[in-house]
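As structure tokens, one chain now follows by itself in the form predicted alone.
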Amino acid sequence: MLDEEGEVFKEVFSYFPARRRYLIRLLQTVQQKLGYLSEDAMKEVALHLGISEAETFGVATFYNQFRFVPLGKHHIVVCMGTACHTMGGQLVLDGFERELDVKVGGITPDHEYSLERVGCIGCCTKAPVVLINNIIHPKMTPYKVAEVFAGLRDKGSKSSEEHQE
């Protein structure tokens, strides 16, 4: 466990008494602070509440709000709600998987990109929709996937040039 994680656990556990009824709120708060639920986080939450790691893991895996891998610098969320799905959302998702060479829920080895699929983000009139770092990309097509990456790379190179000046 990293010292940083230990400090997060100390802080979060100080807010929540060691009662099982706080399990989900504890998991949510730890994830909010760390960005995901690490194996150590699951163990520490179980230890704090005095419950088994299996029970903690069982609850965390039941809800799809919890993630077990860290997010990439650019977090890509592909909407698969009814409108997005019928307008080609699966093809867009396939395009991102091919471009990144990762599956849904994965992260690129350089930690630049993570890919997630959600049920609906509520932008049905702009379907199919993709969120990248909480910015909406409407009317996506598989062909626009490469354009999106070109835009992200441009921003990345501009910000690194700004840091060098």
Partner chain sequence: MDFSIDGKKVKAKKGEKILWAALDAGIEIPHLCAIREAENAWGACRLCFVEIEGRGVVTSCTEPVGEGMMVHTDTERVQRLRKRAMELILADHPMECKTCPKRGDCELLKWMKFLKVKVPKNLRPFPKERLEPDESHPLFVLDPNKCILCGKCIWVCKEKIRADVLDFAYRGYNMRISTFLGKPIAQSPCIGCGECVKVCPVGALYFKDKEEIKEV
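Predicted model, so just to flag it, every value in this text is computed and none were measured. Positions refer to the first chain, counted from 1.
Same protein, other form: the form predicted in complex with the partner chain, not shown, and the subject of what follows.
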item: Among the candidates 125, 134, 52, 32, the residue which, in the model of the complex, approaches the partner chain to within 4.5 Å (heavy atoms); value: 52
item: Contact residue in the model of the complex, from 67, 111, 43, 139 (heavy atom within 4.5 Å of the partner chain); value: 43
item: Partner-facing stretch of 95 to 103, 126 to 134, 111 to 119, 57 to 65, counted where any non-hydrogen atom is within 4.5 angstroms of the partner chain in the model of the complex; value: 57 to 65
